[in-house]
Ligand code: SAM
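To begin, one chain is listed below as structure tokens, in the form predicted on its own.
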Amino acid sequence: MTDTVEARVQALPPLRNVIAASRLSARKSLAQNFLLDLNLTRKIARAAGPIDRGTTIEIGPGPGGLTRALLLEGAAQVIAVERDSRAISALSDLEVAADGRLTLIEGDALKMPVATLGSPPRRLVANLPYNIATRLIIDWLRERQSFESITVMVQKEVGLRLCAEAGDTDYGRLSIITQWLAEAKLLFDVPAAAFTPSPKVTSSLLRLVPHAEPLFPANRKTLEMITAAAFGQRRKMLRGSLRKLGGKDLLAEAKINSTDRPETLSIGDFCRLSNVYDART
């Protein structure tokens, strides 16, 4: 076999052997659920789009299942951010095999300026820890201009909320803020049995492609405040849930029926409400 990065990666010990040798048992405190099926991880890598240029940033690589797949699928440069020192050690042989195409960074993704890592175009591809997935996604979308795409594994229920449309049961403030800033699409589901250990939920691969500009003009903080108030009491009519922010008068000026409920309003409606609120204050 030709001595290429791909050949060296394929020649590495199976991931289960790496886990055993490194004593890298999944820790519940770190929300670790490892993907070991190379066919599946390569499918995820391909779903991320062109990765043969710029930088692919992976959060929480664990033993390196997805990391291997990214390299095998031709990623030009992978930067893997991992807070578990055991995983950093377990990935050392993969880093050598990658011959400069893989950089390991030990650190907490919640505290790291991910948007500045590597060179553009940047994309994020990760099997995210479920307990911080939503927070990470929203943080990344605040710096959406830095990313070509975000392709991540999340709990299916979270993915449904992020992609829901007005009128859907799952539609809420996360749907609005996410889709205001990016095109959101669920690509495919992954059963619990695919993970080690198996979580108690089904997972879904989510792909976000940031908009060059938000869908509608609006102040982000105001939009977040309006949607939080509206969906904080989603069973109420808007005249009730938005009473402290202007209630009927605010809604009338925005040309929205005061008896409507929040799940019936479009993203554009909420942006209009936000703009009216800002003009009144």
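For clarity, every value in this text was computed on a predicted model and none was experimentally measured. Just count from 1 along the sequence shown to find any residue number.
The form predicted in complex with S-adenosylmethionine is left out here; the points below concern that form.
is_contact(residue 207, S-adenosylmethionine) in the model of the complex, heavy atom dist at most 4.5 Å: No, no contact at 4.5 Å.
Residue 108: touches S-adenosylmethionine in the model of the complex, heavy atom cutoff 4.5 angstroms: The answer is yes: residue 108 has a heavy atom within 4.5 Å of S-adenosylmethionine.
Interface membership of residue 78, S-adenosylmethionine in the model of the complex, 4.5 Å heavy atom rule: Outside the cut-off, so no.
Contact flag, residue 141 vs S-adenosylmethionine in the model of the complex, heavy atom cut 4.5 Å: Close contact is absent here: in the model of the complex, residue 141 is far from S-adenosylmethionine, nothing within 4.5 Å, heavy atoms only.
Stretch from 160 to 168, 93 to 101, 128 to 136, 176 to 184 whose residues place a heavy atom within 4.5 Å of S-adenosylmethionine in the model of the complex: Partner-contacting stretch among the options: 128 to 136.
Of 47, 31, 237, 228, the one that lies within 4.5 Å of S-adenosylmethionine in the model of the complex (heavy atoms): The residue from 47, 31, 237, 228 that makes the contact is 31.
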